[in-house]
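Just the one chain here, laid out as structure tokens, in the form predicted alone.
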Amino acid sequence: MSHGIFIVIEGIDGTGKSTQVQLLAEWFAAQGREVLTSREPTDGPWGKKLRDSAASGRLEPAQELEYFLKDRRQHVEEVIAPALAAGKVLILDRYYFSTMAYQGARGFDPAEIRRRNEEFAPPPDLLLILDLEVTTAHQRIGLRGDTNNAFEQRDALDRCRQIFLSLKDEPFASIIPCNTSITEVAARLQQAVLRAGLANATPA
């Protein structure tokens, strides 16, 4: 499926994923690459139901998992596969690793979640996991003016963080500490991209 470059940025809420997605996209664009960014849950019908549930109260676990699978399948068909086939650099803010973490924290088997997703969802060329202590993540969520939603409770985030960290030995994964400045974290992501052989530039 893939002729482009597929990068996923993951981590618990408050790690700065959205900011780093944009900074990495700008770095690739400065190299003359055509870049597309996207996120999950998407803005499609299934993704909207999931986003609404963050504020209104989480769905029943099995229903929530099915909505994530339906949202992702649509995302693969309409965005991910076409972008990679066109040779673009595709950078995602969350992917099925988040489902492994957040639904795994609700009692599902992360390995089984992964199996179900990889039946139709291509694995990334590079998985960048932003890592941060939960206490600091909660402080950041407060500083940006948000309150903790249904996906951001402390105990759940602790479990999610451990599931993310369990991916550290995957050959395509890199754990990126994000307890420093935005600029320093961005440089670490660029270095990880270079180590993976996915770009030829030097870190900013």
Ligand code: TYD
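Since the structure is predicted, the reported quantities are computational estimates derived from the model, not experimental observations. Position 1 is the first residue in the sequence shown; the rest follow in order.
We do not show the form predicted together with thymidine-5'-diphosphate, though everything after this point is about it.
For the interface check, one of 23 to 31, 173 to 181, 132 to 140, 65 to 73 should have non-hydrogen atoms within 4.5 Å of thymidine-5'-diphosphate in the model of the complex; which one?
Among the candidates, contact is made by 65 to 73.
Can you check whether residue 154 is within 4.5 Å of thymidine-5'-diphosphate in the model of the complex, heavy atom basis?
Output for residue 154 is no: heavy atoms all beyond 4.5 Å of thymidine-5'-diphosphate.
Wondering, does residue 49 line up within 4.5 Å of thymidine-5'-diphosphate in the model of the complex on heavy atoms?
No - in the model of the complex, heavy atoms of residue 49 and thymidine-5'-diphosphate never come within 4.5 Å of each other.
For residue 94, is any heavy atom within 4.5 Å of thymidine-5'-diphosphate in the model of the complex, or not?
Yes, residue 94 lies within 4.5 Å of thymidine-5'-diphosphate in the model of the complex.
Can you list, in sequence order, the residues from 94 to 125 that come within 4.5 Å of thymidine-5'-diphosphate in the model of the complex, counting heavy atoms only?
Those in contact are 94, 95, 98, 99, 102, 103.
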